[in-house]
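As a starting point, one isolated chain is supplied in structure tokens, in the form predicted on its own.
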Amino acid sequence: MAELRLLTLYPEQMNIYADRGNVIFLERRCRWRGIGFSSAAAGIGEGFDPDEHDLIYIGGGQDRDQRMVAADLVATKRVAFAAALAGGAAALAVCGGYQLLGTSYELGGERIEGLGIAPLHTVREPGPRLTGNVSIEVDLGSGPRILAGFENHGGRTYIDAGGVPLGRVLHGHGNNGRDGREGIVLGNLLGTYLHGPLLPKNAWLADELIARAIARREGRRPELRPLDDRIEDAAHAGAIRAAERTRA
């Protein structure tokens, strides 16, 4: 039987806006299909074996938690994280976790070192926080889809040379409120500002992550059995409508 092995980084510190719901949703969609699911966590001071996990997840956190996590992430997990990605693992990083993927981010006038895994950096600029419902157009290889959620970030993220955004902003602010980009995609690594939690509002993305994670161990992309997604489809449509009511 296929199995998905998930690792959550800093589940206690990086869990704002119900981001833990993403993990629960992944587990349920695996169980409903008869796919095995195991979950582990790595917190402050804890390393991990990059070969033991097929999907790595890190959520968002308050500024104080993110500052605490940043140094530890670089010191105890950067090498393993990079090795896992090089070995084909999938990863999802949300908001604060997304910012930490880059070379640096600014917090309270301080420049903090990031993982340096993804070509991006985050700065603080004059202006209000970028908040509200958001939708973006995404193409992860099977045609354009809509991703919808909620954003709330003071930092402005800019993708550096060679970087590819996760999607094009349809409604809301995105990475910085200026260039129409949102998130980043780097192989099997996806970074985004979308909270909500994200995956229950976008079941198709959960399935994409499940398929990519299982493919790492199985050697081929699985054909996931369709589920009765009437509730999930309604949640997705509602999230899109909420985003459409925001400024374009």
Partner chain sequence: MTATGSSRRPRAGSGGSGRGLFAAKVAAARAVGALSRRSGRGGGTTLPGRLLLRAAPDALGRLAARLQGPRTVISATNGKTTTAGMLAAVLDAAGRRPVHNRAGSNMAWGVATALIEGGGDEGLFEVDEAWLPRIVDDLSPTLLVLGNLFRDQLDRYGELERLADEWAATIAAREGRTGFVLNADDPLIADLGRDRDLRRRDGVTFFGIEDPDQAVAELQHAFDAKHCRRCGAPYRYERAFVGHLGHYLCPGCGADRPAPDVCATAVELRGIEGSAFTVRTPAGELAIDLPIPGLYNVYNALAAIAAAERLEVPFELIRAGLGSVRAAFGRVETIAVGGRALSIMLIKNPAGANEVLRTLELEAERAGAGIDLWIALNDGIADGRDVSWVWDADFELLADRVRRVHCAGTRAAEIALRLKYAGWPTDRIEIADGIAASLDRALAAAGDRLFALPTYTALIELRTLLARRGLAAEFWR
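Residue numbers count along the first chain shown, from 1. The model shown is predicted, which means the values in this text are computed figures rather than measured ones.
Another form, the form predicted together with its partner chain, is not on view; read the next lines as being about it.
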| item | value |
| --- | --- |
| Partner contact for residue 129 in the predicted bound form: its partner chain, 4.5 angstroms, heavy atom | yes |
| Heavy atom of residue 105 within 4.5 Å of its partner chain in the predicted bound form | no |
| Proximity of residue 179 to its partner chain in the predicted bound form, heavy atoms at 4.5 Å | no |
| 4.5 angstroms heavy atom contact with its partner chain in the predicted bound form for residue 201 | yes |
| Non-hydrogen atom within 4.5 angstroms of its partner chain in the predicted bound form for each of 145, 193 and 244 | no |
| Segment that reaches its partner chain in the predicted bound form - one of 77 to 85, 109 to 117, 132 to 140, 162 to 170, heavy atoms within 4.5 Å | 132 to 140 |
| The single option of 221, 64, 217, 31 touching its partner chain in the predicted bound form, heavy atom within 4.5 Å | 64 |
| Residues within 4.5 Å of its partner chain in the predicted bound form, restricted to 166 to 193 and counted by heavy atom | none |
